[in-house]
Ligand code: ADP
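Given as structure tokens, the chain that follows is alone and in the form predicted alone.
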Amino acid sequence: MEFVNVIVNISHEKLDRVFQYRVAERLKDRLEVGMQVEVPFGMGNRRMKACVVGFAAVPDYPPEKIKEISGIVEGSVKAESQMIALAAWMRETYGSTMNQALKTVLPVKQKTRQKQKKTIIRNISREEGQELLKEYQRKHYHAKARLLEALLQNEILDQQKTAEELKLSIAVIRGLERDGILRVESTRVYRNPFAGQFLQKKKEVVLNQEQKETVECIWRDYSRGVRRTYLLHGVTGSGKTEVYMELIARVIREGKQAIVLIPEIALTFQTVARFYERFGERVSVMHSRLSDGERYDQFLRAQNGEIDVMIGPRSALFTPFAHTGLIIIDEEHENSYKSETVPRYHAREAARFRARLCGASVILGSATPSIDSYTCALAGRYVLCRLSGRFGDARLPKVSIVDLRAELKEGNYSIFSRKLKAAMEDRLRRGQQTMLFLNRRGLAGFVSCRSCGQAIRCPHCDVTLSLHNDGRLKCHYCGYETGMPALCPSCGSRYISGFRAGTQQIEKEVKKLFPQAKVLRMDYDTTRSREGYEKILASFGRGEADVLVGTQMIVKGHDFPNVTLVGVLAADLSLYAADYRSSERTFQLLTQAAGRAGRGDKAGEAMIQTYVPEHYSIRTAARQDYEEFYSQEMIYRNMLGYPPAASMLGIYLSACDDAYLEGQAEKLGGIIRRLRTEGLAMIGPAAAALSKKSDMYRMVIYLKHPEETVLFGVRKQIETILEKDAVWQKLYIQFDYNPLNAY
């Protein structure tokens, strides 16, 4: 091992390559792939951090020109070779630097100070201690006497607890230690974010026939060494988690480990509680709200094989398990599985690649699978498994659609329909709970008519136009814009505007209508603190509130047996987002929201309030009819060439100079046209949905083509062209395949 290959810690495309250094004699036996090192870099030989990605016996350059590595970065976390391979795949697939990809797959970057538990142990006999205690009492050494008396009662004491209870200073303990009366022993203690919150319950779970068949279908493949991706399509409350846990238990018995991804930190508490009951302390969690010490300890426990199951949002995928056997992505349809920073990877695709590296199976679970995943299942790329009934004795809720246009005509201008108000009064009288769901927080960006339900749409892209502060309506796909109409273009009504109700207004209105009700609100504002989610959910679960008002985070995977009513206050908010996936998201949200009702032994009911009750996403959600929704949605996707009917590449451009950005965006559009790629469609350049952020102006270009590989090739051609000309250096460019959220 004479030479080492490294990636330097600089996120710049021109430096996105391997550099080679000579290995000093003193470091030859210490270096490993994945270590962070310091290297002399550039003309001034300034020291830079770098990641070791390989070794070479023969140099790629003249030996006399190769510099020597400076040293190892002490305290850094090593990246395993599997993680480096995953980072390389991310760079190649999503268009980033290797350094950006490495930072992504290392959710824990730095070691933290170990947490120690100190124990005080008596070092002398009881007889000696009793004699010494009399001496301390005679000389009025009260603190020493208290400590020695406690040691005579219990030979071993916890230092922190003893010091607090007996009001002792560390000096007193050290003094007795110097005198040989006691000794202090330290042991490593892992920081546990859920310490003491859960109990393991060895209760037997009896699977129903559908669950057993699903488990055996997947396990037959696994036991034969066949590793595939499975789409588990189960209605809300069908017991997908029980299937996950049974398969995890079997994988653990094989000496393997499992990763369980969940879409929201809000789901962590309930999910961990259920898994802890089954698997005890061999379960851990990884997410962004843990302290640095907690994150590092969970990373270390996983690396040392001290846990079997890691649960968490997207970043938990990069848990350093040595023997991963199963990767589960619950609620796989959720947008949060797509990264919004470079590299803009999708956890589903990254999980499938990691599974290939380590020989694991992948399970994607959802009551409302993404159109992309369901298409893959129908095409045979995934194995489709179904759970059609609810687990146990629970029944699917009764779902009704309330036409808000009729409410308006009859003089009800409130966000609450008369039917929903009556149902809430009934639940309060019976001591049952209600969840009220508002699709998004704050002001909606679209404009719609409250009389006929129609929204103003782009004539070119068939997505809703967004209302800007200047009163103009704009399309963020192609740039089309128009003025704000005074009357509805469809029916001539003057009731045309954006929807302005937010969660705070809803909370106030509930308290006004039902003064006796205890109300909790769960949205971004009330969950900013680390324990915000847990406190609200635990309180509602204990029955300390009658009504829970919230945004999307309240309808994802929560299980409250006493919730018998769910009210969707304005289904149109997600339906008319300026996004070609708005119908899919609306169907998913409404189905998931309705699924929160009636999960115990009481019958559940859901009410969907809308201005467009005839829309297929709302009708099919009310019937819980995924197949019919999929059929209707694919007609739309095929007509307009949106994924998965075709592939899409978003090119996101930003610069600090508005005129420069606009000029370069037009120039890039011209370059793409001159590529003359057959079948390639271009939309834009246009202003981004958020056209200025942190003093940077932003624009977008969208490319569509039936074949994803063609878009990969186009991206690489663009990167090559831009690297050759210095005029592009002030422009920051990101690529996003099949984007899920507006830029």
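Values in this document were obtained by computation on a predicted structure and should not be read as measured data. Note that residue numbering begins at 1 and tracks the sequence as displayed.
The same protein has a further form, the form predicted in complex with this ligand, not shown here; the description that follows concerns it.
For the residues 211, 564, 448, 97, the 4.5 Å heavy atom test against this ligand in the model of the complex is passed only by 211. Proximity to this ligand in the model of the complex, defined as a heavy atom within 4.5 Å, holds among 434, 319, 284, 238 only for 238.
Note on the interface: of 230-238, 349-357, 573-581, 608-616, the segment with non-hydrogen atoms within 4.5 angstroms of this ligand in the model of the complex is 230-238. Though the partner is left out of this view, residue 301 does not reach within 4.5 Å of this ligand in the model of the complex, counting heavy atoms only.
At least one heavy atom of residue 391 is located within 4.5 Å of this ligand in the model of the complex.
Contact annotation for residue 372: none of its heavy atoms lies within 4.5 Å of this ligand in the model of the complex.
Taking the partner from the other structure, this ligand in the model of the complex has no heavy atom within 4.5 Å of any heavy atom of residue 122.
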